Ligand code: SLL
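Only one chain comes next, encoded as structure tokens, the form predicted alone.
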């Protein structure tokens, strides 16, 4: 029976996307200050936001991500917050950090069930002395991590969307806004952009290294994070970059190691088969000659020694 329309899978294909889950926190003005937001409890010391955003320079996040749910600490009013459109961000105030459970809802064309992620809401300065000094100087604590999502054998409809040129449209909008000089103007980001979500409040966003976004690396806000030279494709790049080791070259190296191991196994198996063949020939010759294997009778001393060893 053929698969229902829209559910047929593209065999042997896989699409991967990197994205960022992060949070930013900065001190609230003291109680009584005219700059302090209204209706904020007196014991709240920090304003924060938690978000899911795409990697700058990568395909439009909303091609595959359609809704995000953030589950906050139970003391917050309406702790389960649902964001139906980008930017996927929730802003609140508080006094302590906690784990935020994040549920990712995919494009219905993918036919995939939602997946959970978790992010710790970091309100206090952390990291090395240099990182802490930078956070204090910038007035913001930023904690971001690069996550990966893989769609194995996607549906045909989803494959078409994930390989369409339209998912790069927001980058063209950025270039238009930047103008001929390359300096970005006041124009907004294109479809699927995260606006100010996840950008730096202190003049720098995070740089990606070892799967983690480094705190306040000084890259201009909204600028690319390790995307130079990344080809617009869902296929693996030819060579690894400073920000991503996964590539065709790495795949080739791994396959070479596997083939070498297989060759060694085949070599050892051939030796064992040859050894067995020789033993079978010797046994056959012994039988033809009528020879018997001598049985060594155990003397009382030998039996006693064996019992002691046991």
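Residue numbers count along the first chain shown, from 1. All values derive from a computational prediction rather than experimental measurement.
FYI, the form predicted together with the named molecule isn't displayed, but the following is about it.
Only one of 168, 126, 148, 73 comes within 4.5 Å of the named molecule in the predicted bound form through a heavy atom, and that residue is 73.
Of the listed positions (96, 114, 79, 108), a single one reaches within 4.5 angstroms of the named molecule by any non-hydrogen atom in the predicted bound form, namely 96. Across the options 100-108, 149-157, 87-95, 136-144, residues that bring heavy atoms within 4.5 Å of the named molecule in the predicted bound form belong to 87-95. By the criterion of a heavy atom within 4.5 Å, residue 44 is counted among the residues contacting the named molecule in the predicted bound form.
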